[in-house]
Structure formats: structure tokens, C-alpha cells
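This document opens with one chain alone, in C-alpha cells, the form predicted alone.
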Amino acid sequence: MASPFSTSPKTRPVPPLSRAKAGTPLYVHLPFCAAKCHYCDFFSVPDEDQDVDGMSAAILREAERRAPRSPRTVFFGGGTPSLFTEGQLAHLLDRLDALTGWRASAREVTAECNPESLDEAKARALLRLGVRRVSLGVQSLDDATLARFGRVHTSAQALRAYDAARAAGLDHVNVDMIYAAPGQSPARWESELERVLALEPDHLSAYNLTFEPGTRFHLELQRGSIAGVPEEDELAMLDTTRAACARAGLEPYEISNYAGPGEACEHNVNYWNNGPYVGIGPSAVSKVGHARAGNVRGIASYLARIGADGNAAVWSEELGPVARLGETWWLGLRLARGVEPARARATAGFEGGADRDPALEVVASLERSGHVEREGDRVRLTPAGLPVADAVGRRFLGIGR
């Protein structure tokens, strides 16, 4: 998963953030895909006629300047890292290890993979190179839905890719799914979900389809050529997902993520805890201390900037402590365990103490409306708050703005 923060439209170079301390999580954005999915708003481009080796060289040059030593987690995202050949993966991961020592330090190493580019040989190569966890972009087990999404694999390929990952010896496999596809009924979603859970994945990411600006789906929604499913069906699918995952032994640790014991994605939990991280590659975002910065979105522009001086950052910001506090709550309430107010203040660098904590006023209001509750020293969403989590979280973003 890339950072939850989008890049800014600014395009002028800015000074890079200071180098993060050893142990900081590392995200590596590999921007090439077999095709652009109709719902995707992450920066990615079709790989045809792209200079994959040149991109790897640029990413390594940026890593030489900015990647932390001994990262505790590493996430290779995109894009589709599994599109890289075994040789290209070996070159990139070996050189990155020489620069950072990630193979000795990382407790969790994840690579995003798509079914059309993952076979047993590729899975074995990833395992041999140090990847211990794959996130497989299945998205649907209905071929008509996959075609509507713009995916280039079939349901049969998805099942073969999952089997390939297991046969290769990968013990940590996440399956990515999307529900509330146009025309999908709760019954159809339940059928797909049960088929996926029968595979016994260690982790399931189940995302409610959203129509993000700039995507093909958003354009079709505006034109009226596509429509979302009714809200009551979305809620039914969410309830179905939580119930089915519970039966399968996967607990919801975040709104869209379910894991077996010890299988929660540590790298992504760090994002939701508003922790520090370093992102390298085009469009990647970093958070070091209380400052954030993002790289340029573009292949040619990224290569040119890295080639010039090794700095691809085109925007940066450092919010005040109250705004940082609001973001910490906005992110943290996505987690099932919720937010500990004292820890949120420490993360945000807010020194006013509980008596002056503006987030607690919002908490009190949301308690009265039944959207959050306290359990011990934590505040978490209630069952009534879960379906409107985005709206609840946005209440906290307003406290510092």
C-alpha cells in the first residue's frame, strides 16, 4: 500500500526531506502495469515500450540518497512489481539490500503481484530474493466483472497464481478483492467471497469500490454510463464480509483488512498510526519527523529529475501540531483497536495535554451520536460508526484548519 496521502499538484522542485533514521519503513513504487484499471487512481502506466531497467536505476539512485538504513518493513508496490523479470527483480533487490541492509533488518517484506504475472517460478524468485509476503490482486472471481474493471487476468488465472504462491513456499499471502462493483448483488459478492476464503488466505483486503476523480470509472459515472450499487447493498456486502471472515478465522483489524493471528500488515498499520516512512519512486510520498514530501507523478519527469540531481520531490509540507493531531485521529480510527488519545498527542507533537486537546471535543460529540465508544484508554468506532467511517474521520481533520 502506498501512503494514504496524495501528491500535490505542485511541480516545482523542493529540497528533499532529511534522511530518515535507521529502521524507518520503506516503500518502493514500481509504476508499471500490464494495463490501467478503470478504477485505479494510483500512479501507474502500461509497461509496453517502457524503460524498466532505466526506472530501476533511477529508483536505486534515489534510494542511495534517501532510503533509510535497516528498514523494519519494506513494501514493493505499484504498479505491478511482479511484471519485472526475475533478473530485473534480482538486480533491484540485491542493490537495494547493499544500500540499506533490508534483508537482515526487515520483519516484513511485501510485494504486490497480479495474477497474469505470477507463476511458481516468479514466486520462488521473490522468496529467494527476500520477499516473504505477497499481496495478490485478484479483485474478483467473476470474469465479466474483471473485464469491466479493465483487468487483464481471468478468475482461473487468479486461482492458479494463488496456488503458485503457495507451491513456491510463501507462507504469507494476502488476497485483494473489490466489492460493490457495478451490477453486483450481495448474493454474488458472498459467492465470490466464500470461494476466496476457501483458499485459506492469511490476509484479505476487501475494498468497497470508489469512483475516484481522474479514473475512467469516475468519468463514466459523470456521463451516466455507469452507476454504483445502492447504499443498502454496499452495507449488506460489508456485513457479509465481516461475518464470512470471522467464520474463516480472519479478524478485522482495519476497516477493509482482515487477518489471521499475527498476519496483520505491519507496514500498513504504520501508515494508519501516522508513523514515519520513506517512499521512493515516481509519485511516492515520505513522512520524516513532522514533514511530508512527494515525488513527481510521471515517468519522464521522474527520470529527468533523478538524473539531474537525484531529487524527485516536487511538494512538501509541515502542518502545525493541531492539524497533525487531527490527521492522527483520522487515520487511527480506521483501526479496529482505535486511537489512544495520549499516544495521538505524542505522535502529533501536540504539547497542550488532555485539558487542551481539541480532538477530545470531537470525541465527546461522536460519543453522544453513537459513532465512537471508549474501551479502556482507547476510542474506537461503534458498529454504527463503521459504515460512515470516512465522515467520522473527516470530523477530526477540521480541528486544525
Partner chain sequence: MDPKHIRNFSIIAHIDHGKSTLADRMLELSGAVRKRDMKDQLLDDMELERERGITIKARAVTVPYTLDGETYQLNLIDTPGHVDFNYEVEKSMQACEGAVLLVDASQGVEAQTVANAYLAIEADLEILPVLNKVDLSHARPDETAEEIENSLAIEATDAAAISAKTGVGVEEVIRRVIERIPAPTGDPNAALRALIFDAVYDEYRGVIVYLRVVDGTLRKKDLVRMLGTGKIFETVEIGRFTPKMTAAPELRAGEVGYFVSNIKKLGDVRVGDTMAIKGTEVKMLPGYREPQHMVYADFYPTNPGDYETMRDALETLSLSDSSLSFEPVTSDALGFGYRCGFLGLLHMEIIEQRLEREHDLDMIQTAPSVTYKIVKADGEEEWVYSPGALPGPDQFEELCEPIARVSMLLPTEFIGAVMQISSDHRGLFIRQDHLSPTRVQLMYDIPLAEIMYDFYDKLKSATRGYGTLNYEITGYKADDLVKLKILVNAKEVDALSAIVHRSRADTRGRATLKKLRKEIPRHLFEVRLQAAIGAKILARESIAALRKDVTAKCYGGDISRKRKLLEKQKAGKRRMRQVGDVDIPQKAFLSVLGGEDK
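Quantities reported herein were computed from a predicted structural model and do not represent experimental measurements. Residue numbers count along the first chain shown, from 1.
Form predicted in complex with its partner chain: not shown, discussed below.
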Quiz item: Which listed residue (200, 212, 171, 309) meets the criterion of a heavy atom within 4.5 Å of its partner chain in the predicted bound form?
Solution: 212
Self-check item: its partner chain: the contacting residue among 295, 110, 114, 257 in the predicted bound form [heavy atom, 4.5 Å]
Solution: 257
Quiz item: in the predicted bound form, do 162, 189 and 194 all reach within 4.5 Å of its partner chain through at least one heavy atom apiece?
Solution: no
Quiz item: Within a 4.5 Å heavy atom cut-off, is residue 390 in contact with its partner chain in the predicted bound form?
Solution: yes
Quiz prompt | Close approach of residue 64 to its partner chain in the predicted bound form, 4.5 Å, heavy atom | solution = no
Self-check item: in the predicted bound form, residue 232 touching its partner chain (heavy atom, 4.5 Å)
Solution: yes
Quiz item: Might residue 268 be said to contact its partner chain in the predicted bound form, defining contact as any heavy atom within 4.5 Å?
Solution: yes
Quiz item: Out of 153-161, 97-105, 83-91, 316-324, where are the residues with a heavy atom within 4.5 Å of its partner chain in the predicted bound form?
Solution: 316-324
Practice problem: Could you run down 361-388 and flag each residue that has a heavy atom within 4.5 Å of its partner chain in the predicted bound form? | Solution: 366, 371, 386, 387, 388
